[in-house]
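Given as structure tokens, the chain that follows is alone and in the form predicted alone.
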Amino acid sequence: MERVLRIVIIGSGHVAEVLVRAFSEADGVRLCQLFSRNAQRGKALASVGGCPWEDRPSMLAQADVYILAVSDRAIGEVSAELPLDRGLVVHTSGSCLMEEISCNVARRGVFYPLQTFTAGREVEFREIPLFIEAEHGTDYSLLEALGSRLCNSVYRSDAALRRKMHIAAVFVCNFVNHLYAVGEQWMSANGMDFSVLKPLIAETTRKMLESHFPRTVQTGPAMREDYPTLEKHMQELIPYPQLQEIYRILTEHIIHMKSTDGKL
């Protein structure tokens, strides 16, 4: 029979919320405490997880793993304030080093779920790829055991690989969504409804998900090297120099990847 792993979540933001929900539903895990400076938010999340809330470092519960679900900037500060001389302390950041956890912590690691999280929005945590790091082999095993109770895919990683993955995530998530926002603003500024683009977005996304190589389903004037159309678009964008530059750079890179068979 699997040993029940005791968990404390430190933080009350988007990642903490998702982790609270995931751990409260997982087998073989007991959420012992939600530790948070924000009393209102912390108490609400603790209620969701069916665990006590605490904001006094001296009252931190005993646990096997302490998860720092805080902003990247707060990892060092928060970990330095906690009496964590036992138990494994991990952060959930895609770009921060494991060593950014205070050196006063005896055992450090990383527990990075590769997904975007939004307050109030539920996700299927089991489908999220999880990347782990630890300083000791026994702690890798502990994180693998913990991760497998939440996710179907758990990978051992290191800081360099995780940073590269985080860059890819910014391209496919943050930058793509920003382009959606640009499209919405462009449509609105020209008296059109952004909703008419949603079927196009949905079909493009479906094709990408069905293809192992997204570049093989690339379409549009840049892929066709339709220079008359590209020039018309560039002329239309003259009043918006930043958008024109974005359009130029993306167009040139699509053509470059086409000509080099996908090389960056």
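All residue numbers are counted from 1 along the displayed sequence. Computed from a predicted structure; not experimentally measured.
Not on display, but discussed next: the form predicted in complex with another copy of the chain.
Visitor: Can you check 36-44, 223-231, 54-62, 22-30 and let me know which stretch has heavy atoms within 4.5 Å of another copy of the chain in the predicted complex?
Guide: Only one stretch qualifies here: 223-231.
Visitor: Work out which of A74, A80, A106, M192 lies within 4.5 Å of another copy of the chain in the predicted complex, going by heavy atoms.
Guide: In short, M192.
Visitor: If we define contact as a non-hydrogen atom of the residue within 4.5 angstroms of the partner, is E127 a contact of another copy of the chain in the predicted complex?
Guide: Contact check for E127: yes, within 4.5 Å of another copy of the chain in the predicted complex.
Visitor: Does another copy of the chain come within 4.5 Å of any heavy atom of I254 in the predicted complex?
Guide: So I254 counts as contacting another copy of the chain.
Visitor: Is there a non-hydrogen atom of S148 within 4.5 angstroms of a non-hydrogen atom of another copy of the chain in the predicted complex?
Guide: No, S148 stays farther than 4.5 Å from another copy of the chain in the predicted complex.
Visitor: With heavy atoms only and a cut-off of 4.5 Å, decide whether G50 touches another copy of the chain in the predicted complex.
Guide: G50: no contact with another copy of the chain in the predicted complex.
Visitor: Of 171-194, which residues get within 4.5 Å of another copy of the chain in the predicted complex if you count heavy atoms?
Guide: F171, V172, C173, N174, F175, V176, N177, H178, L179, Y180, A181, V182, G183, E184, Q185, W186, M187, A189, N190, M192, F194, in sequence order.
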